[in-house]
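Let's start with one chain on its own, the form predicted alone, as structure tokens.
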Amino acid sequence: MMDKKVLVAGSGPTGLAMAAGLEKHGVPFRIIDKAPAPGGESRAMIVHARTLEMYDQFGLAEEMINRGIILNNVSFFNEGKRRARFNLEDIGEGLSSFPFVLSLPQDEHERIITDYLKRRNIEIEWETELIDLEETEGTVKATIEKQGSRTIDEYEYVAGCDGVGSTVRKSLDFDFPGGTYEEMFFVTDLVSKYDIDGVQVHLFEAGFALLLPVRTTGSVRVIGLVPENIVRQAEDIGFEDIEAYLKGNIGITASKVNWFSTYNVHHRVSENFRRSNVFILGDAGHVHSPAGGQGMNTGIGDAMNLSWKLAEVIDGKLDREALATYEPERIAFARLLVNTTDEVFKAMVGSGSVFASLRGFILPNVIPGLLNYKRWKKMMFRLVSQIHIDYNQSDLSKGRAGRLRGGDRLPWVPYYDGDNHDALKSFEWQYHLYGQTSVEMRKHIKKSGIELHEFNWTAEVRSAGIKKNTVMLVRPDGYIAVIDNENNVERFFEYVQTYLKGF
């Protein structure tokens, strides 16, 4: 199997994003999953702006938006009465070409990417399970079971996208510190006459519930806490056990239950994300509260970070040492995310007068009030959409110009005929020039063989934080590698010489 350079274990959103990134660079790989077929449940629903920006590099964003629902508003209810309503339309206006929050069921999400891969003759191998790994000199031996038969195949690299119970992580013997909350959650999709046109947050003495519209099934997604008395009384909890609870606290009834499941929330981050030629991504490396719909989006971000690095190392375009940046770039955000969502979770499920006050007054009144201010709206969008993630401390990040630093996401700038993110669809290294630069810099760029994209310096460029006459070397995943506005040719030359072996 060494004709396949990379083994991708797991075909959830993280594994599929990894596959799309490798395919874009023409790297031969194999993607396997122990499940018998694609999942048919909606599960993760929220797709954020940064994820859509990355999918737009593959031409997939438009289809996802067409199949999903843009969430235009969020309403806060306390004890059955609506206390506040906040408009989400264009919450990220001026910050992204996708200034909204998208609701898209996970099964639809996965189908879009699977179809994309099929059109490129990439098939997922179902009922194919990774049993064990053994690292050897420069390769990884993978024991794989398919239809009752086991083989040992060799790969240059393995990407473990195989979920919380990851065989890859366990094979590496990585500790997975953290814990599991005692509280039990439920998630269900209901066919109902209940009127919903956006996100609804219901807060009440017994707990809370979140409601979202689901276009593809004509149903309503409900996520919430299973009451303690039901957890104590029922061994195998079904929808019938919480039916009266939902009707009494929210007023929702179901004519049909498309699916129902209960689960416990974990908060864990693996001690490492990489050893030698083996990597872990997504839930295999970090799992946390669903607060903010961050989990799936973070796993996709892991895949987009790693896929181009692996592909270019395999192709000889990138120094192998660059692979060492995957873990520090992604694990720092994973740890921050787990800690943040942990605090939000505790606030939502905590008992006592302080938590009751938080749920009963601050969440439905103070927060929507703050979000009526443009500054707070932008701050919240940056945080939740993941466009704020940076790799400033990475070895692959150099330079500074104004408030922008190497490692920042390339700011989005609209132009009359498109935007500066259109250039990222190549998923390749590229230079960006905003204004003018020196003859020496132009000579360096031409000699490097890296494509140059020139942009007029406009009021929108200035508003995005880009200083006049700034030159950037931009990574394939849309993050700034090197930035300078003082014609420092040497800084760019040294970077290309150090990392970009194929240019």
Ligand SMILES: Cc1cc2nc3c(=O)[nH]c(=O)nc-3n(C[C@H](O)[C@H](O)[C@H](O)COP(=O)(O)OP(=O)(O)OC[C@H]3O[C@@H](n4cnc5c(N)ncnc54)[C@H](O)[C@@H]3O)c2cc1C
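These figures come from a predicted structure and were not determined experimentally. A residue's number is simply how far along the shown sequence it sits, counting from 1.
This protein has a second form, the form predicted together with this ligand, left out of what is shown; the following refers to that one.
**Q** Contact with this ligand in the predicted complex for residue 189, defined as at least one heavy atom pair within 4.5 Å: yes or no?
**A** No, no contact at 4.5 Å.
**Q** Does residue 21 make contact with this ligand in the predicted complex, using a 4.5 Å heavy atom cut-off?
**A** Residue 21 lies outside the contact set for this ligand.
**Q** Heavy atom to heavy atom, is residue 259 within 4.5 Å of this ligand in the predicted complex?
**A** Yes, residue 259 lies within 4.5 Å of this ligand in the predicted complex.
**Q** So in the predicted complex, does any heavy atom of residue 444 sit within 4.5 Å of this ligand?
**A** It does not: once this ligand is placed as it appears in the predicted complex, residue 444 has no heavy atom within 4.5 Å of it.
**Q** With the partner left out here, if you bring back this ligand in the predicted complex, are 167, 223 and 283 all within 4.5 Å of it by some heavy atom?
**A** Yes, because 167, 223 and 283 each have a heavy atom that approaches this ligand to within 4.5 Å in the predicted complex.
**Q** Of 207, 92, 163, 198, which one comes within 4.5 Å of this ligand in the predicted complex, counting heavy atoms only?
**A** So the residue touching this ligand in the predicted complex, by this definition, is 163.
**Q** Could you spot which one of 69, 27, 64, 32 gets a heavy atom to within 4.5 Å of this ligand in the predicted complex?
**A** That would be 32.
**Q** Quick one: which of 292-300, 269-277, 248-256, 314-322 gets within 4.5 Å of this ligand in the predicted complex, going by heavy atoms?
**A** Of the options, only 292-300 has residues within 4.5 Å of the partner.
**Q** Could you pull out the residues of 100-129 that have any heavy atom within 4.5 Å of this ligand in the predicted complex?
**A** Counting only heavy atoms within 4.5 Å of this ligand in the predicted complex, the contacting residues of 100-129 are 106, 128, 129.
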